[in-house]
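Single chain ahead, by itself, as structure tokens, in the form predicted alone.
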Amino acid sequence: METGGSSESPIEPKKTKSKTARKPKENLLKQKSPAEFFAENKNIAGFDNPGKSLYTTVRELVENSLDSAESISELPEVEITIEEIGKSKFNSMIGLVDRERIDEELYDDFETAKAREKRLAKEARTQELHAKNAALGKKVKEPQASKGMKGRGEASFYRVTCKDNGRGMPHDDIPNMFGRVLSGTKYGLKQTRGKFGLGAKMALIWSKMSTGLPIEISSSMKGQSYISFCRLDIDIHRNIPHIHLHEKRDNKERWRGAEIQVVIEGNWTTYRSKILHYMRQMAVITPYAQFLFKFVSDTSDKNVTIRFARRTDIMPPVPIETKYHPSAVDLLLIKRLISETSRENLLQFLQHEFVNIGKSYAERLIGEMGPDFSPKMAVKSLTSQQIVRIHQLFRQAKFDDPSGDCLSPAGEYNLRLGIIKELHPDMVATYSGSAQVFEGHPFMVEAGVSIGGKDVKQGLNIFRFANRIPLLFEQGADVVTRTALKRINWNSYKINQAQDKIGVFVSIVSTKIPFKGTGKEYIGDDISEIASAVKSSIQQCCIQLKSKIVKKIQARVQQERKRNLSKYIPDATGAIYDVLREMAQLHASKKKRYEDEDADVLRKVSTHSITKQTLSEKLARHVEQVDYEMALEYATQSGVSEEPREAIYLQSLEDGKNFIDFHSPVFAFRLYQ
């Protein structure tokens, strides 16, 4: 027993010692860089899986290109290419030699002999059943190709290239613009397509996670004699760029713009329709842009080339950065504005750092704050308690709503052109609402409703846009979808919700889009101001369409009435002519005498001055006259007036002509000199 006790006694202290040694490590604080956080939570930025990652990469690159061109008022020209990279080619790119499998059972797609025998037997039974049905003359479905087992390790890789004619990037800023998460040019209070400042940076992180390959950037700005070329990846743990090559190259062609190339894992097969749908919707909302989309594969049958041509050269104005509305700020924001302001006293701070606060109103606010405040007091000397008092007053005081001058909607003109260009509808109506406000942020809603068209399904086809970018996912929870499905009585506008091909287009622009969820995928239905504006805009479009549909119904009824009357003209003509001829014979034989006008008509029948053809023409003219009078009477009663139409000539888009543009949300007028 003593020996056992002595052998256990040295072990117990060791266990105690090891436990006490581990405890401090468990309590150590750890810190993650922004790049590391987004790499671990990539679904926030839309990189849920390889297919979605390919779609999001295309989307981010295209939107960056549009922003770049629009910032210098240049008509955007964007080329996007997705090149499929086979396994052997990818291995050669990373310097890896192809290797044959040695242990087949080690792989996820290994099929045992028993499983293979079972699969082949099932395929044989299916083929036998198809042969019997074919012999009996029954309709036989095409047998599906046997699906091979695809292992988890069999990834698909793609090289995504986006080229534009935009502003370009300063040579020295390129590494930080792509290799440092949460750094960018879109921060500030203004309407932007981006939200998190991620964009191509997230594509680079996904590239590093899935392929390990760097991103390549070529850029040149206006007037530069060189092209900036940069090959880099990102140090995820430190959130800094890791530069492989950064140099200046000759720019002999004086090219301006940017070209970005990244190799990522993706899935074209499952997200092909989403990517093409996105490009089509982008062409709808930006008809002033020209897109060239290519998918390149080793198999020529899979290649895709689509050009979305420019329809107009009228661009929306560039969004303007604005100041914060007092009702939309919090304590942290007020403190940040105080630390960054160049104004010295409180009066100047209130006047120049916020919208809708003039000098007299600022003085009234300061007087309301209490005796501890004065217009001339130094704004930097405000205590935490005084800042809280300012915040409380901002929440309770009454301020004018911010104007929508800082917003840049697509405009009715461009929205209508985009719908007509891509869908070719039978009729279309558009409406642009005035600026409204939610939580101190201005917003505008534009809507379009179309009937009929190319590649449009029966029922409601909903197209959603936020700050002029298409929203394709989580449609059911979006305010536009719920409004169109539940709050619009389509029958009251002579529109059949189930049978007609209805296109509903709604574009919302704002300095703050209230997206729900982790991604920029849908706008919630819980903001009453936006829901009401969306409903009103769609209804205004429906009212316009109703008048067109009523006219169309009137025209159809008129044609049907005319057709019914015209159908009986031959029978009526024959019957009348037979009666007149019989009466003429009686009159000629003096069995029955007719006088005056009747005798004159019968004489003309006898001399063949009046024939069956003459009567037919007279009746046809009478039908035309009666039909016109009835239609005119109906139109007068229903208050519909047919305005005179005039043919117009649209000038083709050509360079080298002097003109002046007059812009309006509803139309664009060009005066040639």
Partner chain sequence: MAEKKKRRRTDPSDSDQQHLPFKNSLKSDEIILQTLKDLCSSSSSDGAAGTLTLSDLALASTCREVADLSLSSVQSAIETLILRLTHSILSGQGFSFSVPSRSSANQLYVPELDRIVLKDKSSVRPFANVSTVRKSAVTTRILQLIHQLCIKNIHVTKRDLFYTDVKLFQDQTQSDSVLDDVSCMLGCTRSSLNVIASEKGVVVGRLIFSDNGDMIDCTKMGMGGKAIPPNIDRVGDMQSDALFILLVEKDAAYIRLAEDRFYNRFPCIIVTAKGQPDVATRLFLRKMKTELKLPVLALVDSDPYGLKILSVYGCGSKNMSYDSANLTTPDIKWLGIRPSDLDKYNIPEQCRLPMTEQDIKTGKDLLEEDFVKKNPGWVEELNLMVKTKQKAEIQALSSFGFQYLSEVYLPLKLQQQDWL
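These numbers were taken from a predicted model, which means no experiment stands behind them. Under this definition, the rigid core comprises the largest set of C-alpha atoms superposing within 1.5 Å between the forms. Positions refer to the first chain, counted from 1.
One more form of this protein exists, namely the form predicted in complex with the partner chain; it is left out here, but the text below deals with it.
Legend entry - Contact label in the predicted complex: A575 to the partner chain, heavy atom within 4.5 Å: Judged by the heavy-atom cut-off of 4.5 Å, A575 is in contact with the partner chain in the predicted complex.
Legend entry - Contact test in the predicted complex: F473 vs the partner chain, heavy atoms, 4.5 Å: Flag for F473 set to no.
Inset, instruction - Examine A200 and determine whether its closest non-hydrogen atom to the partner chain in the predicted complex is within 4.5 angstroms. - result: Because no heavy atom of A200 falls inside 4.5 Å of the partner chain in the predicted complex, the answer is no.
Inset, instruction - Tell me, yes or no, whether K592 is in contact with the partner chain in the predicted complex, where a contact means a heavy atom of each within 4.5 Å. - result: Residue-level check for K592: yes, a contact with the partner chain.
Inset, instruction - May I ask you to choose, among A435, M279, M583, L365, the residue with a heavy atom within 4.5 Å of the partner chain in the predicted complex? - result: When the partner chain is considered in the predicted complex, the option within 4.5 Å is M583.
Inset, instruction - Just give me the single entry in D571, E100, E340, D172 that has a non-hydrogen atom within 4.5 angstroms of the partner chain in the predicted complex. - result: Partner contact (heavy atom, 4.5 Å) among the options: D571.
Legend entry - One stretch from 615-623, 41-49, 28-36, 55-63 that, in the predicted complex, holds residues within 4.5 Å of the partner chain by heavy atom: Result of the contact check: 615-623.
Legend entry - CA of V379, rigid core aligned, shift of 2 Å or more between this form and the one not shown: No.
Inset, instruction - Spell out whether the Cα of L580 moves at least 2 Å between this form and the one not shown when the two forms are superposed on their rigid core. - result: Yes, the C-alpha moves 2 Å or more.
Legend entry - C-alpha of P570 moved at least 2 Å between this form and the one not shown on rigid core: Comparing the forms between this form and the one not shown, which are aligned on their rigid core, P570 does shift its C-alpha by 2 Å or more.
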